[in-house]
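Before any questions on binding or motion, here is one chain by itself as structure tokens, the form predicted on its own.
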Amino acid sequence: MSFQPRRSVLYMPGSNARALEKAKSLDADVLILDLEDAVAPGQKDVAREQVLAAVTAGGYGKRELVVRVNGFDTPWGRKDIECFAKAPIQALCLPKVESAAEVLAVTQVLQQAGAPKDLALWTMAETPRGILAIDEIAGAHPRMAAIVLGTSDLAKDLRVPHTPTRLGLLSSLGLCVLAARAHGLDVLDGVHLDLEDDAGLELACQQGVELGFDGKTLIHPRQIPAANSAFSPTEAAIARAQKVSAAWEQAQSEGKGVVLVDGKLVEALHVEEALRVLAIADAMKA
């Protein structure tokens, strides 16, 4: 089982050349090079060319590279998509998606631009209409690979406060996790805005783990360690997974369909989860 870790997903402003260079040394699993919210209207064209030059030059190692383009209905969106259709990146991130039709429109542009089949799409769920349509969005096209929560915009539209429990957002977060799992996608939690609130960030990361997210989007490099720690399996979990895997392999060789490990029944579903934990551990070492 192979695994692409997406524990820490850091937004980097595409208009900041220094930040794009610094990103090469950061311990984030994923870099979202941003052409949208982090870039002023007058800097959109410059940022596009700057990000394209940066990813073409390379040097980002095993980090997954994602470019967040401008909305398809903006003056810059279509050109962003065409520009990065053949770029050496893993995915495009589409902001404020509210329907499957929007995803399909982008895939048509990518096809016309000659994009490779493995260029994935990530869609942001950050509006009430987008949340209500998240199931059809998640299953819109085979290029779909991840759902990204935009909790700041969503909280504003829902008129709910940002609180440690995120009570007003829980139904939206849960719907996105359900849609992701139903369609075999990853799902990434929204950002924590207070850079001075380390305890709050740790709490938000732990809540994200408990809700079923695969990782957390971040706004500053100092937030990377908290996300990497929260979304990584513990040493105890890895040891347990190794024990389950070994016991299952032995049981299979003896023609058994179930096995006991430390007095607990282990079936195929437990083995699948154990293999996932071990794949995450291997990816972390890499």
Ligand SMILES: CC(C)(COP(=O)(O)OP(=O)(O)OC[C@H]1O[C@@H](n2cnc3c(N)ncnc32)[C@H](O)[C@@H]1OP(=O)(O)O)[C@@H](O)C(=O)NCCC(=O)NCCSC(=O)C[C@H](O)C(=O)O
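Numbering starts at 1 and follows the sequence shown. Everything numeric here is computed off the predicted structure, so don't read it as measured data.
Just so you know, the form predicted in complex with the ligand exists too; it's not on screen, but the next bit is about it.
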In terms of non-hydrogen atoms within 4.5 angstroms, which of the given stretches 136-144, 208-216, 82-90, 123-131 touches the ligand in the predicted complex?
-> 123-131
Taking heavy atoms only, is Ala19 within 4.5 angstroms of the ligand in the predicted complex?
-> yes
Does any heavy atom of Asp34 come within 4.5 Å of a heavy atom of the ligand in the predicted complex?
-> yes
The ligand contact in the predicted complex: Arg48, any heavy atom under 4.5 Å = no
Is Thr151 a contact residue for the ligand in the predicted complex, using a 4.5 Å heavy atom cut-off?
-> yes
Just give me the single entry in Ala226, Val55, Ala247, Leu26 that has a non-hydrogen atom within 4.5 angstroms of the ligand in the predicted complex.
-> Leu26
Name the residue from Leu167, Ala182, Leu195, Ala101 that puts a heavy atom within 4.5 Å of the ligand in the predicted complex.
-> Leu195
Within 220-247, which residues come within 4.5 Å of the ligand in the predicted complex, counting heavy atoms only?
-> His220, Pro221
